[in-house]
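Take a look at this one chain, the form predicted alone, written out in structure tokens.
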Amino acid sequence: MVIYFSATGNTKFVAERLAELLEDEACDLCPRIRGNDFSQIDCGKTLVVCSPVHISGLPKFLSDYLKRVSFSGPTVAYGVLTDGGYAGIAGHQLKKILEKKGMRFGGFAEFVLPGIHITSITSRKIGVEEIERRIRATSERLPEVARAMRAGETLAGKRTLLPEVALTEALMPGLRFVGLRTRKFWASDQCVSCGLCERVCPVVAITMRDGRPTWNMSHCAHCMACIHNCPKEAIEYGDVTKGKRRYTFARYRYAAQSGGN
């Protein structure tokens, strides 16, 4: 079984393609997370967890969910991480969670895809050619990762040193408290009241009121699902996101197809 959370489609593409190559099923965890559904997931002998990287680690809502949900069947578990160039300690976190559930962790693979965190003034803009290159490189590498999983081989992900783990874990609560506030989110007059932002939010932080999204929590996951999936690009974060390109994998799927998918 391949399970995943995806905000803009990057991780969904990787998970569904891996499931196809492994002749297995892909399960989107977002509806389960939104609905607090912790019913057992039947996985067969192998579990593959696919996740984006947030603030140098797993999204907190996803790690919390994985710690609580139970799995039937799997003896081996793999991780697959998608990020904009730095996986942080996400692989280390996955290993701890899955080994505590009695599974052997077979390592993880990291795929560098277009970054989606555009709410920071330091976010780096990449061009269309680089977006396409990253997607093609991911598409071309997926069959080899799937082959290694089928053979029961260990995936050699980024090695995480203990000082890096200690420092990141010490800083992460503060970074989340300061960096994941919702007060700067707003919707422009381009909003057409479709409600998609409310439906894609994994932590139910958005409510439609009088036809406009309102952020009903002081902090959220900053997964960027609302900003990037808005069909009218109406959602902004202060003035930081104005004029920045929105991204969803679906807009660049052609690059994956030319990369051997």
Ligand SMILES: Cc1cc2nc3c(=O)[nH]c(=O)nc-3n(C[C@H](O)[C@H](O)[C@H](O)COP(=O)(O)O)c2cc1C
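Note that the structure is a prediction, hence the values are computed from the model and not measured. All residue numbers refer to positions in the sequence shown, first residue = 1.
Below, we refer to the form predicted in complex with the ligand, which is not included among the displayed structures.
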{"item": "Output flag, Ile3, Thr46 and Gly73 jointly within 4.5 Å of the ligand in the predicted bound form, heavy atom basis", "value": "no"}
{"item": "Residue among Ala77, Ile116, Leu94, Ala109 with a heavy atom within 4.5 Å of the ligand in the predicted bound form", "value": "Ile116"}
{"item": "Listed residue that, although the ligand is not shown, lies within 4.5 Å of it in the predicted bound form (heavy atoms), from Ile41, Ile33, Ala26, Ile55", "value": "Ile55"}
{"item": "4.5 angstroms heavy atom contact with the ligand in the predicted bound form for Gly84", "value": "yes"}
{"item": "The ligand contact at Leu62 in the predicted bound form, heavy atom, 4.5 Å", "value": "no"}
{"item": "The ligand contact at Ala221 in the predicted bound form, heavy atom, 4.5 Å", "value": "yes"}
{"item": "Stretch 157-173 - residues with a heavy atom within 4.5 Å of the ligand in the predicted bound form", "value": "none"}
